[in-house]
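As a starting point, one isolated chain is supplied in C-alpha cells, in the form predicted on its own.
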C-alpha cells in the first residue's frame, strides 16, 4: 500500500436514493414511508421552470415541518449555469433549519463549480450558526465532468459522493441514443462465423464513465452511486443494470420511481452467502497468521492480505446496513 492513505468521507448507507419532485409535495409522505436510504427532493430537472419557486417553498416547508424519520435528506439544486442556483443555496440554507443533510450539485464540470457552492454554504453556516455541516453530492454528467474528475474532487472537503447522470452525459458526448441507462442493440459486435453461425454480442456502452468514476472517486474516499434507469416498468432490466455497476464498485443506485427502491436495496445488500464467505476468509487468514503463514487456502483458492481487505469492506458495509435496519 502507498504511504499516502485515503480516508473515507462521511459514511452513509446509500443503496437506494429516491428522487421526489419538489413540485409534488403530496409525494413526500410516500417517500418517507418507503425503504429508501436517502430521499432527494428535486429542484432541478424534475421541476418545470414556472414551478421552480413554488417547489423550493414546498421543500423548505417540508424540511421544517415534515417528519422524515431517520432518512438522510438531500436536495438537488439547479445548476450553476442557471439563475436559480444561488437563490436555491441561500434560501435553503437560511430557511430550512438543521434537517437538511446533503446538497446535490448537478452538471459539475470543474472544481471551481464545487468551490463556489462551498463558499456560499460555508458563509451561511457561519452566519446562521448551523450545527450540522452540509455534505455535497456531485452529479457527473458531461464530458467536461468526466475529463476533470480528479481535479473536481479537490474542490471541497464536503464532497461525500459521486453520481452518474446518464441522459445528460449521452447528450454531452453526442451518443446516438435516447435511453436513460440500459442497453442499446447498436452497441454490439458481430462474432466471427463458427459452424455457419454468427452471434451478436451486446456491450455496455456506459462502462467507461462508471469505471472511471469508481477508480478516481475511491482514490478520494467518496461513495460512488449509479444514476437513473429510465424504464421503471422493467424491474429485471433495472436489477441487471444495477448488478453490473455494483460489481464495478458502486454502493447504490437512484430510484426515479418508488418501485425501484426495493430493487436497489436488494442488489446493493450482499447476500448472506457472500457475507459468510467474507467471514470465512477472515477466520482462515487469522489461523494462517497465528501459524506464521502469510497466505492460506479456502475451498481450494488462495487468499492473502488483499483478500482480507476485500472481506473487511464487505463486513463493514453489512454492519452499516444492519445498524440502519434496527
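Numbering follows the first chain given and starts at 1. Just so you know, these numbers come straight off a predicted model, no measurement behind them.
Below, we turn to the form predicted together with a small molecule, even though it does not appear here.
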| request: Select from the listed residues 256, 121, 80, 222 the one whose heavy atoms reach within 4.5 Å of the small molecule in the predicted bound form. | output: 256
| task | Report the residue, out of 31, 38, 62, 264, that has at least one non-hydrogen atom within 4.5 angstroms of the small molecule in the predicted bound form. | result | 31
| field | Triple contact flag 21, 46 and 76 to the small molecule in the predicted bound form, non-hydrogen atom at 4.5 angstroms | value | yes
| task | Considering only heavy atoms, tell me if residue 86 and the small molecule come within 4.5 Å of each other in the predicted bound form. | result | no
| Distance check, residue 232 to the small molecule in the predicted bound form, heavy atom within 4.5 Å | yes
| query | Heavy atom to heavy atom, is residue 282 within 4.5 Å of the small molecule in the predicted bound form? | reply | no
| query | Taking 4.5 angstroms as the cut-off for heavy atoms, does residue 228 touch the small molecule in the predicted bound form? | reply | yes
| Per-stretch contact check against the small molecule in the predicted bound form, the hit in 38-46, 52-60, 65-73, 274-282 (non-hydrogen atom, 4.5 angstroms) | 38-46
